Structure formats: structure tokens, C-alpha cells
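A single chain comes next, written as C-alpha cells; it is the form predicted alone.
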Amino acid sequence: MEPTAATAIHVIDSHTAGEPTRTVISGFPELGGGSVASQLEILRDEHDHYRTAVLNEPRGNDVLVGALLCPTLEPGCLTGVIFFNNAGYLGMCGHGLIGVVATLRYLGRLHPGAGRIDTPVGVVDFVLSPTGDVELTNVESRRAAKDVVVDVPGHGLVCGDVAWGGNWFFLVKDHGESLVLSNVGRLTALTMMIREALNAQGHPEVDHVEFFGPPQQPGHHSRNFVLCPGGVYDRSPCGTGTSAKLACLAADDALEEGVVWHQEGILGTHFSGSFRWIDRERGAVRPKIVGRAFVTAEARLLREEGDPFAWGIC
């Protein structure tokens, strides 16, 4: 479909534990009013240039995650939301949903208390505290495969678990790498190699790779590094990644239902997590993630006639 002239796009930026979210309030085309999943398909198939206009340079950057507010058919939900990044679209996004809640609070559309938001992969419940902390109850999460061994060319064998936490992850504990900010270049390159080899080996659904190691702060249980689909790393401890980790811990009987797990990210920020069982036979849990977002900017993104990069540098 040939892009048409764009009106102003109203956005609000936030960050959750260091990871940015750009919430789109208005300015995108109508998407049919069906389910959030069907609206995502229309956005992807017919209007993807809006995604690149909002997130790509010169208006954005590779780290940004977009969150489009959209209608929902689910009773009791405040809104629907479609998440996207520099590579495409996401099923769920934990840090992004916390950012959406902070944005709705900033706009005066919600106050402390419980609520629900509809995503392409299911309804997420949340509780906003008076201090701004958000507890979200994620979609069903589970481990799909344990101790998957992948042969990474030029590196060797890597073993990890494949798990779903709203997106697909390959979680690796024994990697021999230092999970510090000064090492993110090497970590990014290695995790991209692992993902490429894993996809080629028969797991094309996996688009996130997550390394775990010892925490650096007292009271935390683990530190992680998360590669996102577009080749950049998650600045936060990753909400869907922590959900996938909780599903693996539950499957291994390494964490009891309701016990809090403190997940540290590469910046040292952290999420608190716990889970409740849905179906032990299937290994299905509902994770709870607690974090906080801060609003950083409000803007109207404009398209000037004749701009060769009106729809982003692609």
C-alpha cells in the first residue's frame, strides 16, 4: 500500500527501569475495530510505515519500543495495546505495559487501583500503587523445551531452555560471560550468533536470547542480559523475559508458588516477580511482575511535505 500524507502523531515517552517506551496516543489510521490481534495484522500488512516513522531515525532509534493504544472488544479492559519495535511486532511487552500504565496515569485516564489491558496475546491484569509501582499479571507462560543444545559456528555448543513469557526466549545460564555494561558489545554479538544458529536448527519462533548470571546487588537472585528481536539489548530486566524465567523455575521446582524472585537487569535496575500455577501438567503459570515507569516526554511527531525520511530511515 502506498503511504499517504501523515497528520501529527501524538506520543508520550517513558522509561521502565531504563528501557524506553513510546506510547502512541493518536495519529495512526483506524484498524478495523476487531480484536487487538486482528488490528495488529492490519497495522502490519497495510500501515507498517507508521511504525517506522515513529521508531526509526530521524525521529526515533533502535532501542525504542512502541505501544499503540487501540480499541478493545474485551469487557472491562481500559484499552487495547499493540507493541512494536525496530524489527516488527511483539506479542506482549512487560516493560512497555508498565510504561503504558504510567502514561495513562499521566493523562488522567486512570488512578491507583486495579485494571486490565488487552494485548494481541491475551488480557493482562495490573494494579497501580499510589507510589507509581505497577504489578502486572502476565499472560500464561510456560517452558516449551529444556536443555536444548545448539552448535554455534565459531563458538561451540550452548545449552538453554526455550520458554514463552509473552514472547519466545532462549534462556542460557552457563555461558561463561561477564554480565556487565562494559561487555554489551560482545554479549550482543554472541547472543545474535546463538539466535541465528537456534533458528536454523529448528526454533524459528525464538527472537529473544537471555543470559543469566550472579546478581551484583544484595537481595537480588539473578542478573540478566536480554537480546531483543531488532539486535539491541534490553536496558530493563525484561518483563516477558522474567516471566519466561519464572516459568522455567516453576518447571524445575526451583521456586515455590508466590515466593518473590528479584531479577536484576544489565543496568542494575530490577523487577520483582512471582507466579501462580495454572496447570502443573502443562507447566503453565501466570507470572506477576512489579516495576515502575517514569514519563520523560510528550511530543507531536510531524511529517513535512517533501521530507525523504518522512516514514523513517529504513
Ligand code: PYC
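All residue numbers refer to positions in the sequence shown, first residue = 1. If you're wondering where the values come from, they're calculated on a predicted model, not measured in any experiment.
The protein also exists as the form predicted together with the ligand; that form is not presented, and the subsequent description refers to it.
**Q** 112-120, 235-243, 69-77, 194-202: which one contacts the ligand in the predicted bound form at 4.5 Å, heavy atom to heavy atom?
**A** Selected stretch: 235-243.
**Q** Could you tell me if Leu187 has a non-hydrogen atom within 4.5 Å of the ligand in the predicted bound form?
**A** Leu187: no contact with the ligand in the predicted bound form.
**Q** Using the partner position in the predicted bound form, report whether Arg143 sits within 4.5 Å of the ligand, counting heavy atoms only.
**A** Arg143: no, not in contact with the ligand in the predicted bound form.
**Q** Flag Thr103 as yes or no: does it have a non-hydrogen atom within 4.5 angstroms of any non-hydrogen atom of the ligand in the predicted bound form?
**A** Heavy-atom contact with the ligand at 4.5 Å: absent for Thr103.
**Q** Going by a heavy atom distance of 4.5 Å, is Cys228 a contact of the ligand in the predicted bound form?
**A** Contact check for Cys228: yes, within 4.5 Å of the ligand in the predicted bound form.
**Q** Quick one: which residues from 204-221 get a non-hydrogen atom within 4.5 Å of the ligand in the predicted bound form?
**A** Result: His208 alone.
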